[in-house]
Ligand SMILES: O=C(O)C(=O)[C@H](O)COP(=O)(O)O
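Before any questions on binding or motion, here is one chain by itself as structure tokens, the form predicted on its own.
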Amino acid sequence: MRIVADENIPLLDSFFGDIGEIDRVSGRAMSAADVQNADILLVRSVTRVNQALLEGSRVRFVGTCTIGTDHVDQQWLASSGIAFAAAPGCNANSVVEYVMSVISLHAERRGVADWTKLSVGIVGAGNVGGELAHKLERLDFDVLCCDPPRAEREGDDGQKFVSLEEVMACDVVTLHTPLTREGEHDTLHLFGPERLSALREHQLLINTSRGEVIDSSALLARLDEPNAPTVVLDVWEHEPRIHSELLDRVWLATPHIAGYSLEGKVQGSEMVYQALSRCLGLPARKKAGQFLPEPALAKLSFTSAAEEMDSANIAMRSCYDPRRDDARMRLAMSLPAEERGPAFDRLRRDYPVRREFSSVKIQLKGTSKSMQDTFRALGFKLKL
């Protein structure tokens, strides 16, 4: 059995090596010729999976090791009898930790001593947005969620949702919606000139969903106007050839890596492995945890002299500080225009190992219950 896989999917041999012969190819450059004789195709979000790629091949299973599926023509796969699996929620916690790290930096930048005083509006309450809301509420943030499709499906029996206008009044507005181009609740350019004009200087806008949810030209124009909001972009229109002028005007810029924790990436591989095993009628005995290496940072210790917010910031940034990715991104995008697209892909391909908060054990000596609760809510392991 021949497996064609994006070369950047982690643990390919560990999960899939005993299922078939693995042929690694570039996900961005994957062609019909690459998959012609494949039985199984494993991709990430950079590969368009559709009739043009697969027609005439012998592929019978497609797996994307990502939470997003807008790069896959699922209707055509179904009509062609090709099984499909994704990895919904695999890197949700990684994105949540990215957003929380950004919020903590923003609070510090604005001189807000208690970051929970910032209200947070979440657009899209799926796997990522829902997990973010849960963690922020545990930390005692004021959180509002907008998700019209879920509100319609769940009605009065579901979670309380508010309008997009109410969410946009929050101090932080963070986007976690899928990219949809049709229907009553399409999200293509959801944030266009009118909505962007409603955001003000004191507000923070974060996009870790899909670049096309924000109209880049409208955002660039808004950032050149007075009282513009602070903007953090992890996703971009027209990746990997991003708008260099927009890069210059946003506060933090990262190369579509919010979900790139090692745990998140490995979980994506595991979920597709499980789906493939079910499809083939094979036992799924492998688990992501058995392949995770020892983290470089295993323990942090705080005493009774430590301040709660300062300690939380130290711990979060020891695991992940988005300013490092911002610095690498800006260096890469300072290359000549024709080299920036490949450089953007290299940043993702060669991304350094990033571990989630749960990989670090926090030792607290004589600290308050409030401080203990904060670290638990963030997802750290505690040693009291």
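The structure displayed is predicted, hence computed values, not measured ones. Position 1 is the first residue in the sequence shown; the rest follow in order.
Separately, the form predicted in complex with the ligand exists; it is not shown, and the next lines address it.
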| query | finding |
| --- | --- |
| Distance check, residue 359 to the ligand in the model of the complex, heavy atom within 4.5 Å | no |
| Close approach of residue 355 to the ligand in the model of the complex, 4.5 Å, heavy atom | no |
| The ligand contact at residue 106 in the model of the complex, heavy atom, 4.5 Å | no |
| Close approach of residue 44 to the ligand in the model of the complex, 4.5 Å, heavy atom | yes |
| Option from 50-58, 64-72, 315-323, 32-40 whose residues, in the model of the complex, bring a heavy atom within 4.5 Å of the ligand | 64-72 |
| Of 101, 311, 91, 203, the one that lies within 4.5 Å of the ligand in the model of the complex (heavy atoms) | 91 |
| Residues in 344-358 with any heavy atom within 4.5 Å of the ligand in the model of the complex | 348 |
